[in-house]
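Below, in structure tokens: the form predicted on its own, a single chain.
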Amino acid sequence: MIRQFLNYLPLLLLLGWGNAAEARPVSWPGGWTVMTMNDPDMNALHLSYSPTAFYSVGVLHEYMREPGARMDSVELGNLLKRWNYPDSQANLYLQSGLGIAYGGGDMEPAAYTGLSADWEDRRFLTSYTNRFFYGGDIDRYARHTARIGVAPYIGDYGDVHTWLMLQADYDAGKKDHASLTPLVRLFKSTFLMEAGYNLDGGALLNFTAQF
């Protein structure tokens, strides 16, 4: 995990600082997003471009730990609905991909889809994400992730913002199918970092940069 962070840190620092960063599948029109996601289940690197504020196209490389397999895919993200309130915002996204899963000498077509919903104001945050994956005999699963978060202070524009969060994961196909991960999110402008430790063991490290 630390080695991966050091490998990607120079790239992330070079991407600069702009508007508020959010780990969401669609950016602003003409915006690029780079994400690396690392947890006890997988390591992933994601690159996407948003032609409009309503959809993005990208590529994803993912290493799945339990089957010891990898996947390369082309991905489409869609903003289905956004609700703007005086002091908060909510979003609903659809994220789907097609590609190839390979490992152990096997290669299978792979496909996945899932919904992502979030609501937040300047103090509180909630989100829910699911992902339904089919990779033939290599792997298949239905995973659900929910988060709650609170900001210990309300920062001004340009400050480093902090969220204290709790993530719950559920995968009916795994022996230990439910887990909890306390984590901290820090973001400033277009740079976002999350770090946590699963209560069953295993680190979580996520990085997002938008430019």
Partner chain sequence: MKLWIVTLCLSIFCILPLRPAYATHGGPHDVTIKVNGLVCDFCARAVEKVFRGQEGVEAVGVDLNTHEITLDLQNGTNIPDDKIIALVTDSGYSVTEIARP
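Just so it is clear, the model here is predicted, and its values are computed rather than measured. Positions refer to the first chain, counted from 1.
What comes next is about the form predicted together with its partner chain, which does not appear here.
*Asks:* Any chance 57, 170 and 201 all have a heavy atom within 4.5 Å of its partner chain in the model of the complex?
*Replies:* Heavy-atom distance to its partner chain in the model of the complex: none of the three under 4.5 Å.
*Asks:* Please pick, from 142, 45, 178, 148, the one residue with any non-hydrogen atom lying within 4.5 angstroms of its partner chain in the model of the complex.
*Replies:* Only one listed residue qualifies here, and that residue is 45.
*Asks:* Can you pick out, from 130, 126, 96, 88, the residue that has a heavy atom within 4.5 Å of its partner chain in the model of the complex?
*Replies:* The residue from 130, 126, 96, 88 that makes the contact is 88.
*Asks:* Since only the chain is shown here, I'm wondering whether residue 166 would be in contact with its partner chain in the model of the complex (any heavy atom pair within 4.5 Å).
*Replies:* Residue 166: no contact with its partner chain in the model of the complex.
*Asks:* According to a 4.5 angstroms non-hydrogen atom cut-off, is residue 120 in contact with its partner chain in the model of the complex?
*Replies:* Because a heavy atom of residue 120 falls inside 4.5 Å of its partner chain in the model of the complex, the answer is yes.
*Asks:* Within 4.5 Å, heavy atoms only: does residue 28 come near its partner chain in the model of the complex?
*Replies:* Yes, residue 28 is a contact residue.
*Asks:* Give a yes or no for residue 53: in the model of the complex, does one of its heavy atoms lie within 4.5 Å of a heavy atom belonging to its partner chain?
*Replies:* Yes, residue 53 sits close enough to its partner chain in the model of the complex that at least one of its heavy atoms falls within 4.5 Å.
*Asks:* Across 177 to 206, which residues bring a heavy atom to within 4.5 Å of its partner chain in the model of the complex?
*Replies:* Contacts from 177 to 206: 186, 187, 188, 189, 190, 191, 192, 193, 203, 204, 205, 206.
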